[in-house]
Ligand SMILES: Nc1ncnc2c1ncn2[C@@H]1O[C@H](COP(=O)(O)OP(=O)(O)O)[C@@H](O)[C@H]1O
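The data below hold one chain only, encoded as structure tokens and taken in the form predicted on its own.
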């Protein structure tokens, strides 16, 4: 599913990631841990091809993502990768339902199909009564669930999540983790989640820690 070879990344001459090698099997849940600033977000951004490495390769579905450019890369990302950012990046001028539908517009679905899928996702996530509200009136936990629905609208084979429960209290974090597990099992989805939360890490198939630029398997 995902093969990472000799991946390195620096910012301002500081080496963030150093010669990382990693393989992730289809349908597995991988937790990425490490201190703030260790490189977890950088690692996810590279996996999503939102950034370019200094060196190294990432192959997804046997395709090198860094050899793709422009529309080819955008289409590949839209089809295969769902991203939940640490900060929700919801568009304030659109309703909850419209925010979730936006990524679906790049795929060859009818508007009706996209809307129905978005409505079903929001209902599953307990947001059926919030669909026509603007994101600004939602709680942090509700906004995060909207971001998850948006990431799942195209039924991606890979879900990347950056500290999805980092700003939530313990109860809402637990609810969110269970939702992520449900969608993973339902769709045999490969999930890579950067987290500080040990309870989420316990549910992972593998746990890795980024330390001093290197990635170390800890479970």
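Numbering follows the first chain given and starts at 1. In this text the structure is predicted, and so the values were computed from the model without any measurement.
Quick note: we don't show the form predicted in complex with this ligand, though the next part is all about it.
Trainee: Scan 41, 154, 172, 157 and let me know which has any heavy atom within 4.5 Å of this ligand in the predicted bound form.
Mentor: After the contact test, the surviving option is 41.
Trainee: Pick the stretch from 146-154, 54-62, 31-39, 185-193 whose residues have a heavy atom within 4.5 Å of this ligand in the predicted bound form.
Mentor: Going by heavy atoms within 4.5 Å, the stretch is 31-39.
Trainee: Heavy atom to heavy atom, is residue 24 within 4.5 Å of this ligand in the predicted bound form?
Mentor: Looking in the predicted bound form, residue contacts with this ligand do not include residue 24, since no heavy atom lies within 4.5 Å.
Trainee: Please determine whether residue 16 contacts this ligand in the predicted bound form, using a 4.5 Å cut-off between heavy atoms.
Mentor: Residue 16: yes, in contact with this ligand in the predicted bound form.
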